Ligand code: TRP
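Just the one chain here, laid out as structure tokens, in the form predicted alone.
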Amino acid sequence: MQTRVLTGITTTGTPHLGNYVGAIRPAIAASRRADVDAFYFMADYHALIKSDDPARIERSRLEIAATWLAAGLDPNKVTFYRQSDIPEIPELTWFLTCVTAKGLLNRAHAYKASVDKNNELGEDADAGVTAGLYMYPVLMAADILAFNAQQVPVGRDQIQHIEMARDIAQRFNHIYHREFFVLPEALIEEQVATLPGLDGRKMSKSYDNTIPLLAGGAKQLRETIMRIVTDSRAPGEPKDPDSSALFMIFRAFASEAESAAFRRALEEGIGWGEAKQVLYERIEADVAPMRERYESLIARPAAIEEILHEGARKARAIAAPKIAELRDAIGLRAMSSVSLHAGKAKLPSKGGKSPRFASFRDSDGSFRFRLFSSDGDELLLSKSFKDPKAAGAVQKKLKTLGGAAATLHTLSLSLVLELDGEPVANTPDYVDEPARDEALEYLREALDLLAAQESE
């Protein structure tokens, strides 16, 4: 069974070494595994939070797409798309916004950092804070939950956002009494999840301390590496590898043997200029082949556009049914469907057809089933099961359970069926409590008919 893995990069600048090591490289490596269903995207909606420069965002989208492809991403084996090409994502963002606690968003690191900075300057706590920045975690949750991604490769500083996505998904599942969303997990390469930048802080476009990955060519790569801040220890003086940005960046690209040799060279007093040249040569060995492919792609933007359109088509084939399911669950149904849920759960006559089960597989790969009346009205919708045998075992129990033995709990306008103390299925929502109570009796009678049929 495949694991769905999803990640993206915000389109506000040129991809740098930190992007490559922390996100692009592990994501592409994962996409080549047979057990991974990979979804990779350009987070251009997120970019609007950080930049109001249209030309910068436009150029960044091109550079990032070309970088992923040049680094080895195969669009035939993954789903590669722009966030803004998926209209289901902003719609899901609003659905999730309506169940997300403000207190949860108050604890988001980016928002708290802005507030703390304003407080230090004596400004109003929310000065310069947009709703986009505040709602960033909800949009990120929608990116993930729209496709029921199971793993999300992120830097260590992004773990909180994955935890918040889990909290939001659990809240939605709880409110609407069904496991709509898989709870995602953060996937981190412990050793290289975050690279230091030119000034020793985390490499980030926000700090303007990045080392470009492909743009600018070998010359710019070397010139930038030569600007990495080091201490004042002269050639011949031992250096501390564990506090050196050079060493931390080097080992992200090197083998264990190469890293051990570089560590010894630093401890034995290699000069900083020579050490930077060693770092440049090691990185350039990996980057040069990618740069050649990158420059070819940048020269053909129409080809990249075609790849992204196909990726969006594949992504929407999954997101659209998910949103349709959620719209139905939260009450945004077509008017023609209301009568189905408002009337009686029709029971077949004893001489006619019996209630029947219909099994199906969800877009996330899980298994579910419905119980229909003889007239085709839905009586029950099961929860999600990872194993089809588990779904079949529940159906088997329901066929022999009988109405009197069924444990059915009433919610505001629906019913929940439990087996062995665990909720296994829900009814549709009914228009009012009398209709719900009437449906309860029809469901018990339907279960009696199933049990009678099994005993024949």
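So that there is no doubt, residue numbering starts at 1 and follows the sequence shown. It should be emphasised that the depicted structure is a prediction, and the values quoted were computed from it without experimental measurement.
Beyond the structure shown, there is the form predicted together with ligand TRP, which is absent from this document and is the topic of what follows.
*Asks:* Out of 262-270, 140-148, 223-231, 355-363, where are the residues with a heavy atom within 4.5 Å of ligand TRP in the model of the complex?
*Replies:* Answer to the contact question: 140-148.
*Asks:* Is F41 near ligand TRP? Define near as a heavy atom within 4.5 Å, in the model of the complex.
*Replies:* Yes, contact at 4.5 Å.
*Asks:* With heavy atoms only and a cut-off of 4.5 Å, decide whether V5 touches ligand TRP in the model of the complex.
*Replies:* It does not: once ligand TRP is placed as it appears in the model of the complex, V5 has no heavy atom within 4.5 Å of it.
*Asks:* Please check if H46 has a heavy atom lying within 4.5 Å of any heavy atom of ligand TRP in the model of the complex.
*Replies:* H46: yes, in contact with ligand TRP in the model of the complex.
*Asks:* Would Q158 count as a contact of ligand TRP in the model of the complex, using a 4.5 angstroms cut-off between non-hydrogen atoms?
*Replies:* Answer yes; at least one heavy atom of Q158 falls within 4.5 Å of ligand TRP in the model of the complex.
*Asks:* Among L183, L246, V154, I304, which has any heavy atom within 4.5 Å of ligand TRP in the model of the complex?
*Replies:* The residue in contact is V154.
*Asks:* Would you kindly say which of F385, Y136, F250, F95 lies with a heavy atom within 4.5 Å of ligand TRP in the model of the complex?
*Replies:* That would be Y136.
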